[in-house]
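Below: one protein chain in two forms, given as structure tokens, structure 1 then structure 2.
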Structure 1
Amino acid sequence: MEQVKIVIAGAGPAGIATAVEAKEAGIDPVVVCEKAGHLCDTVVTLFHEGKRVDPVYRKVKVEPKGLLSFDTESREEFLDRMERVVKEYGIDVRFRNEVQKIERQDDGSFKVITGGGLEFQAPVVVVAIGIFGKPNKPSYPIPKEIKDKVFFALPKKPITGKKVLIVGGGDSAAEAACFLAKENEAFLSYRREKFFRINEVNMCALDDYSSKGSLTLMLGTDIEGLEPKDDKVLVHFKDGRDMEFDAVFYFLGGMAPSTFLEGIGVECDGRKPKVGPDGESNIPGLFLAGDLVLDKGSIMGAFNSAKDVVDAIIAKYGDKVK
């Protein structure tokens, strides 16, 4: 079993920033366990190629508190930035090592076990696994015959010349709709009469694509269910309309991986884990950072929550980690 000062679960913006802040505060060794084979899996898998990454997200401007920040740049530039950060600060990331168990020992330290077979002992653990591991699904079933035409993220290979439906009312849905409207006939269905969570840039882009005619906004529409029809997906709307699509994309947000958190003993209030203002959970020494604890998650929010967590670790457990 490796002895380290802090184990961080997740190498997304929050996990990387936690490692950076901890190392700069003189805490060593710090190890980051990441379930994917690369950094920032949410950005890699859910952001489309060339996507603009904005520090002001969901209309919230967050002033940097810690060492990491960024200006608007592309997805690829952002990922390069994070690679550089990891190199520059010498962050020890163990890829393909999903944290599966975190057990409190009799002496108050934690034993962390990963899917890749690693075991660590540490006085402090920071869980920064985000909320996107499990995208929210609609309440109605997706028939198995159309599972290959129903998506919860943009597909890796570009799709062109199709009639596609995007479902959702946030920035992710708006960005996906605009991206798909470039090469397809796109429809965006949102159950409310008005968008109220979308930032200005995305709102303008939606207006632009809908005025060009490649995107149809279907506000105030709710879906009752899906059905296979020939090679298409037949969508039944609650207003009685039926429409056929080649593919349907859901962007309904994510949910806190409460099963994982509850499994390690973290108390949750519904889907949200209960934490103090410094990110510490009900288990002393076990902190949560990033999207898991933020009401309006963003990359800058994740960077800042990492700084808060490390400040709290030093204040409360300085004797154990230094």
Structure 2
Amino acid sequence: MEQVKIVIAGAGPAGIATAVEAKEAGIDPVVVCEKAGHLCDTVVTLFHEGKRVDPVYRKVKVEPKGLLSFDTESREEFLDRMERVVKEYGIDVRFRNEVQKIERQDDGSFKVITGGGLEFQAPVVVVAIGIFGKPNKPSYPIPKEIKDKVFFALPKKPITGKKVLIVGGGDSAAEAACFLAKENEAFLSYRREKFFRINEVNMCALDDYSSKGSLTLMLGTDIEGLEPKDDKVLVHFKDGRDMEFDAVFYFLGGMAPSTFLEGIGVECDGRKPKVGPDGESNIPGLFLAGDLVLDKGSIMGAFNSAKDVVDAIIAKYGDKVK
């Protein structure tokens, strides 16, 4: 497990700006974990070629507070700018390592686990994941009659004594399957013949629950569709089998930010997280930056929120990070 001073979740404008402000304040090492294979995924995926990026928000120019700023430029120029910033400041970005779990330790530090199998321990964590994340859904439709029995995250109210199907082949699916297998008859369906993306700890847990008989691994199975049957979900598999379940859980990648935040213990008011004026959540040492704390997606606002967060980290936790 790597020992660092700050773990930042998300390599968008807020995440990179947080790393820059922290490094320039003498905080090191700082690591940025990013689920995509490039910087600023929201800009890459949602901005069309040549789209204008500017510091004006709702007809008001947002003045910079910190080290990062920019003038009106194209999408491509902005992305090039961010690449240069990362190189200039020596920012350590771990691509294809989505933060999946943040756990508070007994000593007050955090253990951070990524989908790529990395583990970090840090006194401070900054979540800057943006607001556009959402769970991936299957290609076939979910009939409206069973939507209350189909989930894309673990429900807040525990399910017990049921026959449940978990669909997916990553760490999130594995962890959900093991959790549900404690109090239910659980089945894990994955379309490939073997797991490729599950870390060693989760693989051992799957084997353990499977050997106990509380979890059935259904490798090499693919689902054709779902339909209601009485008070159950009837699942049609492409190999011709039909099976009934009380509930079906999909873990196909992606996660709504509110689901992720609530999962790590951040209090939310509806879908909006509760934070102080400096971005600190109800969990001491866990800060939010960027779109999560702004009204809407202003890039200069994201840069400025990073400055506010790092100033607060130094004021409150300077003895732990410097």
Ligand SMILES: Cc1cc2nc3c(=O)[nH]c(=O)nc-3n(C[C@H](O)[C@H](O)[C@H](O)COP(=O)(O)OP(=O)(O)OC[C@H]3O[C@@H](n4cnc5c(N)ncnc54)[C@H](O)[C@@H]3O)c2cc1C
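Along the sequence of structure 1, residues get numbers from 1 upward. Basically, rigid core = biggest C-alpha set you can superpose within 1.5 Å across the two forms. Every value quoted in this text rests on a predicted model; they were computed, and no experiment measured them.
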| item | value |
| --- | --- |
| Structure identified as the form predicted alone | 2 |
| Rigid core superposition, V125 Cα moves 2 angstroms or more between structures 1 and 2 | no |
| Rigid core fit then E244 CA moved by 2 Å or more between structures 1 and 2 | yes |
| C-alpha of S74 moved at least 2 Å between structures 1 and 2 on rigid core | no |
| Rigid core fit between structures 1 and 2: Cα deviation of R191 in angstrom | 41.2 |
